[in-house]
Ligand SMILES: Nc1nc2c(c(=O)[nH]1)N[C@H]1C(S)=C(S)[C@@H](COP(=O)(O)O)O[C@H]1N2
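Next up: just one chain, as structure tokens, the form predicted on its own.
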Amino acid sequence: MDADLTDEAVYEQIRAEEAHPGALSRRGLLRLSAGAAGAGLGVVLADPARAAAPALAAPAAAPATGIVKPLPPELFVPQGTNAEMRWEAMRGQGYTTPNDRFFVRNHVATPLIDARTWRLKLWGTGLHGSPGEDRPVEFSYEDLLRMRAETLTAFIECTGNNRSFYASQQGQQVSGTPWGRGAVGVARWRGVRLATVLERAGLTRRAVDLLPRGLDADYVDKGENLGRVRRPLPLAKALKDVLLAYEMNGAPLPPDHGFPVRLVVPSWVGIASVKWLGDIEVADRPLFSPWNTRYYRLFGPDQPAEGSAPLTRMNVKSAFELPFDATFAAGRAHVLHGRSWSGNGRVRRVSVSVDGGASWRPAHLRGPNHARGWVRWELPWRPRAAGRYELLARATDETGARQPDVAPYNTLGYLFGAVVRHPVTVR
């Protein structure tokens, strides 16, 4: 079998065609990810001193916003229970996004969890003995710290990042949080491979799907209680490169970013990287939740009634490290800085226009260019005359995917990957 079951669209087709999904062998699934497993992951041995480290004390209470960390206006744009990073806050920063300015995407309030009593519970028909939810296989925080640790530099991005541009650039109304460009960040994550924990829990050859679930409160949408956030994950992706992360940029996960443990699902839609992980159902059949049926599919006039296949890989995007309506001095030399990324792999080229798209120049790529991260770029600019300008950045990734001029419409405003028109003023 040569199908890529880490692609949810392919997997969704197989779900529909296979009368008995459990017929796929675990050996076959492992073969699908052979050569890719561990790619981009750095392996380090667990530090015994770390394994014995005491759990961190959690804050006494979360503020009214439901977000624990400070949200200074120079770093964030508040979005209800969410917080959008200001891109100008990344100017002068290194490759990764500092924890204090990493965007926050919460369905409800950030939960405050004591790592000393926290347990990761695995259960279901895809494990030996088919342990039930009431009698799961359990791992403590200390158990994970004692396992072999690995590191992964990867972006996490909300599927609705750039959503507001459907309205402002394309005149199309969509629903959802009106994110600008700042619902994305890159971090260096450290933790244990999910494949390792699944193996220790007794993964069987019958396993097909996982259903990770967070410990945040139930999510209520228009009066309907949908339960805790949970989103199915194909086993092949889980075995390929998914991390159970307990560190972010060299520090224990902050509460808003999943303390004590979260999933990091590289290159995929942010909802897959479940925060505050509490339990994982491992099943010998396909699993479903509102987060892969009602949400995180494409709906609209060009889609079937049930929507597209569940969304997986993020698309290619770019952003200037500038506020909208930034001001430049005429006749002086400036350097434009930005970053580009793609769920398909490395960005190979970035072109920049300073005249609204009439002409384009290649930007200079600099520094690391991780396949699951982003690349920084720069372009010198000396505007000669005062006036209003539109800056545009357009990236092309290693698969040849390039940012389009117009994003395909969908009613929930997902995956806006079109070139963003960035207005500035020259005086």
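One rule holds for the numbers: they count along the sequence shown, beginning at 1. What you see is a predicted model; the values in this text were computed from it and never measured.
Omitted from view is the form predicted together with this ligand, to which the following refers.
J.: Does any part of residue 156 reach within 4.5 Å of this ligand in the predicted bound form? Heavy atoms only, please.
T.: Judged by the heavy-atom cut-off of 4.5 Å, residue 156 is in contact with this ligand in the predicted bound form.
J.: Using heavy atoms and a 4.5 Å limit, would one call residue 313 a contact residue for this ligand in the predicted bound form?
T.: Although this ligand is absent here, residue 313 would stay clear of it in the predicted bound form, with no heavy atoms inside 4.5 Å.
J.: Report yes if any heavy atom of residue 152 sits within 4.5 Å of a heavy atom of this ligand in the predicted bound form; otherwise report no.
T.: Looking in the predicted bound form, residue contacts with this ligand do not include residue 152, since no heavy atom lies within 4.5 Å.
J.: Using 4.5 Å between non-hydrogen atoms, is residue 209 touching this ligand in the predicted bound form?
T.: Residue 209 lies outside the contact set for this ligand.
J.: Quick check for you: of 298-306, 263-271, 234-242, 85-93, which stretch puts a non-hydrogen atom within 4.5 Å of this ligand in the predicted bound form?
T.: Single hit among the candidates: 263-271.
J.: Taking a heavy atom within 4.5 Å as contact, would all three of 102, 105 and 216 count as contacting this ligand in the predicted bound form?
T.: Each of the three qualifies.
J.: Quick one: from 165, 320, 276, 139, grab the residue that has a heavy atom within 4.5 Å of this ligand in the predicted bound form.
T.: After the contact test, the surviving option is 276.
J.: Report the residue, out of 190, 257, 193, 339, that has at least one non-hydrogen atom within 4.5 angstroms of this ligand in the predicted bound form.
T.: Of the candidates 190, 257, 193, 339, 257 is the one lying within 4.5 Å of this ligand in the predicted bound form.
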